[in-house]
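In the block that follows, a single chain appears as structure tokens, in the form predicted alone.
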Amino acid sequence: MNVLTEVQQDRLKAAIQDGLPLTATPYRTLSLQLDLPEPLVMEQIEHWLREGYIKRMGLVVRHHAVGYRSNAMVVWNVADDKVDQVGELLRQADCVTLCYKRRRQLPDWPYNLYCMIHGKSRESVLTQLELLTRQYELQHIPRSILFSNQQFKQTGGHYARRAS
């Protein structure tokens, strides 16, 4: 059950889509910005989380801004009956920040598992990958390493129209 009116919900969506305010009390800051009671702001956001409109709340690190400029997408060609198992292993690795499965694009692109590793240098990323590969005994799985050359954009999901 939504606790705010549709107009209030739209204003709240627009206010949080670029992230929560960077204050010690972000919900209070939102309530002051939107002239809404803080408990209702929190309750509405909790409702969206329960209903799955918001999948998760977390921190997005702008890795370029903090010096992590060597970023590699590692693509793996994992046997279909093992891809979930390998994905779970990669998910557990501290150095992996993103991991997902995709359909192969045969005949040119055989890869079906992707993971992202960030580092301050290419060497540090390659070292992390080597350690990860040995730790989980993935040496037998064909892979390619795609280092990014330039970042054009990095944002989170947006769900509300921007105020004009």
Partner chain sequence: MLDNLSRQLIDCYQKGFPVGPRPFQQLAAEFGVKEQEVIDCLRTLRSQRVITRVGPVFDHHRAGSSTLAALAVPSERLLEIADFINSFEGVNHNYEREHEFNLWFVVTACDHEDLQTTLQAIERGTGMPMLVLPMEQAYHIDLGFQLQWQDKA
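Positions refer to the first chain, counted from 1. Under this definition, the rigid core comprises the largest set of C-alpha atoms superposing within 1.5 Å between the forms. In this text the structure is predicted, and so the values were computed from the model without any measurement.
Heads up, the form predicted in complex with the partner chain isn't pictured, but that's what we're talking about next.
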In the predicted bound form, Ser124 touching the partner chain (heavy atom, 4.5 Å) | yes
May I ask you to state whether Lys120 is within 4.5 Å of the partner chain in the predicted bound form, using heavy atom distances?
-> yes
So, in the predicted bound form, is Gln33 in contact with the partner chain at a 4.5 angstroms heavy atom limit?
-> no
Looking at the partner-bound form in the predicted bound form, is Gln139 within 4.5 Å of the partner chain by any heavy atom?
-> no
For Pro142, is the CA shift between this form and the one not shown at least 2 Å following rigid-core superposition?
-> no
After a core superposition, would you say Leu30 shifts its C-alpha by at least 2 Å between this form and the one not shown?
-> yes
Per-residue C-alpha change between this form and the one not shown, Met116, threshold 2 Å, rigid core fit = no
Evidently the Cα separation of Val60 and Asp84 changes by 3 Å or more in the predicted bound form, so the atoms lie farther
Sense of CA distance change between Thr97 and Gly52 in the predicted bound form, threshold 3 Å | closer
